[in-house]
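Same protein, same chain, two forms; see structure 1 and structure 2 below, as structure tokens.
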Structure 1
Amino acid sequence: MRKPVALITGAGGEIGHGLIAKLTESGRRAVVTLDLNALAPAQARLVQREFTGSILDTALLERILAEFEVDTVFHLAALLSTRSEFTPTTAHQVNVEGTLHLLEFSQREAESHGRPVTFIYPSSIAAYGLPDLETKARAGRVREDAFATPTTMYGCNKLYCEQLGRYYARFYKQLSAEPQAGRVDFRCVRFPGLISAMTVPSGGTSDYAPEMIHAAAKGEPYACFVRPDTRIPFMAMPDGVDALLALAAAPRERLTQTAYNLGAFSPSAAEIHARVQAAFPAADITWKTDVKRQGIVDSWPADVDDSAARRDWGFAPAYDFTRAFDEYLIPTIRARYARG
């Protein structure tokens, strides 16, 4: 009998980095990865099999289907918000068609093994679209069912894929004699901006926070592309990875909704700047607003209501703003660049 494995798409990205390490810790889980680029050697060593290629390559997905019993999919591959605005049709292909391919893949895995496949999907605060700054200030902690009018291609893609996942989970097998057997158990979080001490993201619009910290640690000047008063929710990467694992492990009957907000702290860009400057007094940080990117973050909520995730599956981030900086970001990044 083949041992079930977890499949991670976009495994070479920011979240994949931490997720591979955590999932494979003490041989807990066998992991198969799919990414456009080869994994870094430190990650590659941890996985059972690494596939290099596109999520749009159905022949490659067929190969994985034939060779592995996948019982959990972490579908991380996506083009982020800023990048998607430059290449919207490519973003739609990767973010929507790619997700559709993975949902079909999971459906077929589930059918062939007679068990549901757990499908973990990271959606985003980009799924929201607040019309103006006044509404943003008034809205406070936004609930999942509010402001579902994203302004970016990425946000539209994420919101639609949440619905696509709900369709596969609830309706796709409705006509089957055994509706529970072989279905996709779709579960989704709406991530805030994620900040990792290990990697710098590319193509996102929440990137100003990680970019500011990493630039300061490297002794490089940084021009922040949003106004100092800009405020969106953020989370330290270890909490993001733990949240994906907690959601995957949650009993199905406890889950009352398809998509769950997650938040941890919600500083303004000026507050992030002050922290970074305190930790790296020589940091050279200036402000140079990029109108388009500013417009994107202005349409995202200043904070989110994540009480459903806390109630249904025990989401409890370990890092608030102070801990994230003092115990995770600053010491890890300092050590990382000191090592070269």
Structure 2
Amino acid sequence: MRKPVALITGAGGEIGHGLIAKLTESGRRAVVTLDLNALAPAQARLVQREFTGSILDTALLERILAEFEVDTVFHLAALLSTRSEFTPTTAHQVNVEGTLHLLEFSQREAESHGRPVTFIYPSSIAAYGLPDLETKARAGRVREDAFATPTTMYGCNKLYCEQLGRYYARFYKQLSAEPQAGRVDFRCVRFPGLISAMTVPSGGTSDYAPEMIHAAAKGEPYACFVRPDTRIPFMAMPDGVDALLALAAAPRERLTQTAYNLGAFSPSAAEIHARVQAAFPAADITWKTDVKRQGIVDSWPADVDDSAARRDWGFAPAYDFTRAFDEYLIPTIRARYARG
């Protein structure tokens, strides 16, 4: 008899670690994971089964389908924004074809056990594309249906996959009339820049914020790759994990759309620099604009309108700018390097 579980793809990342911990807390939920690399031992001990491989491997997905009754999918696996610009064909294969495989997998799972599969998909503010800085300044807090003209391969991938999810979910309300129709309950969030205190930044397009803190904590000079006036929305990683869980648990009848903006705080790079400099007075932070990455963040909104998420399923981030930096990011990263 197959066992009911939640499936997390791309589980080795920071969001995956947080989801595993929360879902398995006190035996609340059995979790199966899929990642290209093996999980760290601390995470591996928490999951019921760990699969190592690619989301493009249909034979591997068939094995999961045969062994487990997956009723919730957290599809985190993706090639991120900066790397996608260097390998756009690979990005399309992983981000689009991989998502299509997972949507088909979820459809078949739902048909197999007779109930819809909840499919949680993290999209990104990269799905937006504002044409110039003047438009960005005028736009204010951008809604989900505005400026959906991404300028990067990653953004194109994310926006298209949002539409794929809508396609698979479109018959959801007709299940009783059409039992073989779509059984994928697709739910998507558009994340802002996610900042984690637990992982080292890896050169992502929005990583200038955590990179400042890590360099300052290590006593190393840092040249910020965006202008001081650059402004995009951010969110602390714990709020990102909680948002995915809250959306997954929301009653379907309360949801009015398939994709939701999320935001928490929207400081300029200069404001982030001032906060880091106050915590590390000896920090050597300068400015050296990377034209390509600057162009990408300039095309993203300065802030987003997340009123639909707050109204429909109670999204309420715990960390504002002050608390995120003073209580979560700076002390945790400082302690990391103090321990050596």
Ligand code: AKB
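Structure 1 provides the reference sequence; residues are numbered from 1 along it. What you see is a predicted model; the values in this text were computed from it and never measured. For clarity, a rigid core is taken as the largest C-alpha set superposing within 1.5 Å between two forms.
Q: The form predicted in complex with the named molecule: is that structure 1, or is it structure 2?
A: The chain shown first - structure 1 - is the form that fits the description.
Q: Is D132 one of the residues whose C-alpha moves 2 Å or more between the two structures after the core fit?
A: No; that C-alpha moves by less than 2 Å between the two structures.
Q: Rigid core fitted, is the C-alpha displacement of V200 between the two structures 2 Å or more?
A: Yes, the C-alpha position differs by at least 2 Å between the two structures.
Q: After a core superposition, would you say K218 shifts its C-alpha by at least 2 Å between the two structures?
A: Shift of 2 Å or more: yes.
Q: In Å, how large is the CA movement of R334 between the two structures relative to the superposed rigid core?
A: Here R334 registers a C-alpha shift of 2.4 Å.
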